[in-house]
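In structure tokens, one chain follows: the form predicted alone.
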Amino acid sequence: MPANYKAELVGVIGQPVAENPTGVMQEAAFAARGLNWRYLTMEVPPSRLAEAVAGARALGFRGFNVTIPHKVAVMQHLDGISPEARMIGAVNTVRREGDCFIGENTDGKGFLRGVRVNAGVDPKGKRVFLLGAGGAARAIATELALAGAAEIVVLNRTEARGAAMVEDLCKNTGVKASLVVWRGTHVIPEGFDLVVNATSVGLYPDVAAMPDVDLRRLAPGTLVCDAVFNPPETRLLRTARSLGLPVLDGLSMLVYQGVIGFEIWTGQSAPEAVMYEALQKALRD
């Protein structure tokens, strides 16, 4: 049988991306499954997004991840959008179907799996306090709502952006949702079951930063989650631990959304343990 030297290509586009470790995780998964696939980390400014998508199409990419700041803007350059991604209003994963690029969103699904599997919490009937109203926040909130969350309160500095997200949540999922405008240090009141940071505050290299919130009124057992994955233990999570609260770091969301992406692209089951270990090692080193 003749040798086949053609690697299948996937990757991530965004700006900045130099410190995004997704490629380490996906390359480890490809190796574990014996797949001749490559994951490329590609810096793309907003002004070149259309060219980047066209280039990926021309080069035969099997798909790609999309990160800041392209998760919304990329949608106009795709051939189709999954119903859930359209509901969320953002795309983080693109798959190839024939010659078409289809947008998906695995962020919220990855977060939800982490809450259920790693933290052992069922979101059904829970009250959620969510920080942020960007693409990650929309994905997380939508999946929590679809999983049966009883209420979602959104804390955001920009009133118009937060109000638009809350309106979409109520319309698309039927969940009870409301907005609190972020003004100075916000004391999160008691009565919530989950607190989720879906902003980028605390992301490397700004590791000393913490969202301007006070956790001291939260009841014991309130799960505090951070979508930031680098560092795995953010200042927010350290503060929560010091108060005796259970925590869930951003690594679980990153791994599980990567697992879903791997399976969408390759059609094979993902080696979850291999992917998690590769990420841990990359961030530790």
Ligand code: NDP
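Start at 1 with the first residue shown and count on from there. In this text, all values refer to a predicted model and were calculated from it rather than measured experimentally.
In what follows, reference is made to the form predicted in complex with the ligand, a form of this protein that is not presented.
For the marked spot (Lys71, Gly135 and Thr158), a heavy atom within 4.5 Å of the ligand in the predicted complex is present in each of the three residues. Of the residues Val201, Val128, Val166, Met87, just one reaches the ligand in the predicted complex with a heavy atom at 4.5 Å or closer; this is Val201. Though the ligand is absent from this view, in the predicted complex it lies within 4.5 Å of a heavy atom of just one residue from Tyr39, Phe61, Phe30, Phe229, which is Phe229. Looking at Trp182, you'd find a heavy atom of it within 4.5 angstroms of the ligand in the predicted complex. Proximity of Gln257 to the ligand in the predicted complex: non-hydrogen atoms within 4.5 Å are present. Look at 173 to 181, 158 to 166, 143 to 151, 94 to 102: in the predicted complex, residues with non-hydrogen atoms within 4.5 angstroms of the ligand sit in 158 to 166.
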